[in-house]
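Let's start with one chain on its own, the form predicted on its own, as structure tokens.
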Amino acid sequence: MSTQAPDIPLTDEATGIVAIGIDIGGTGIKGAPVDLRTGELTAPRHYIATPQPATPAAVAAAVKEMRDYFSEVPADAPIGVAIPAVVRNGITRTAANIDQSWIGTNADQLFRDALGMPATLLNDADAAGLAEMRLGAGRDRKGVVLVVTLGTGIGSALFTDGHLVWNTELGHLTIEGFDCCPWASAAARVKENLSWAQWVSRLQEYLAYAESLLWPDLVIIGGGISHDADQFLPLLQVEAQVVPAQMGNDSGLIGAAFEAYAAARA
């Protein structure tokens, strides 16, 4: 299953089309209404601490609180929710940095009951990738594009000619039996007090392996560490062009809003 980065017409008539994007993380939940013509937030981003434990019921209640916070947004505005999990046909199949009880949860029904309306659910890295492909570093790029988000772990979004391949979870590639996700993440650099060169050697090994499998034309590096791209991008040696993400920490919620609008149109 794949989808194309949402084709939102860039005309004056499209100005004012708004959807709410919500990005669930291990420590915080971010949300904002998004102008779908420009990708800009139409109100300041709101933050709610992720409930601990982050059970489905507790997180759904927080998402409802987030939606209620933006009471000025029309009640029928589409809602997109980015979640750190594989989402297949509305069912969450994995759980990263949230409670393991999410595995097997009918998340579609969970959020429909909490919000009183449908919500569009997608993997958080896929959401960030959609934002980058629509308005960021991947805009108008053809061929194979790999978006890698570096944070607590490694997320991925894979596109072919602008079409998203859902739920790739390529951050969990294994090299000699080691899961790359915790080993080459941005968090590992801080936790293990690695120098940039030491950490880049890990990232280099991960990206080289991913490149040998996928042969991307472009790799986009996202996550908060992308702000330090000048510290590590020059040290990487891969065949693909590698660039920092452009959409910043709002990319997940912006991508979720795009996908919610695309689903509503469909």
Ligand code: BGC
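A quick note: this is a predicted structure, and the numbers were derived from the prediction, not measured. Each residue number is its position in the shown sequence, starting from 1.
Absent from the display: the form predicted together with the ligand. The rest refers to it.
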Name the stretch, out of 135-143, 77-85, 104-112, 186-194, where some heavy atom lies within 4.5 Å of the ligand in the model of the complex.
77-85
Let me know the one among 164, 96, 180, 119 whose heavy atoms come within 4.5 Å of the ligand in the model of the complex, would you?
96
Does the ligand come within 4.5 Å of any heavy atom of residue 147 in the model of the complex?
no
Residue-level contact is defined here as any heavy atom of the residue lying within 4.5 Å of the ligand in the model of the complex; does residue 131 satisfy this criterion?
no
With the partner left out here, which residues of 118-136 have a non-hydrogen atom within 4.5 Å of the ligand in the model of the complex?
123, 124, 125
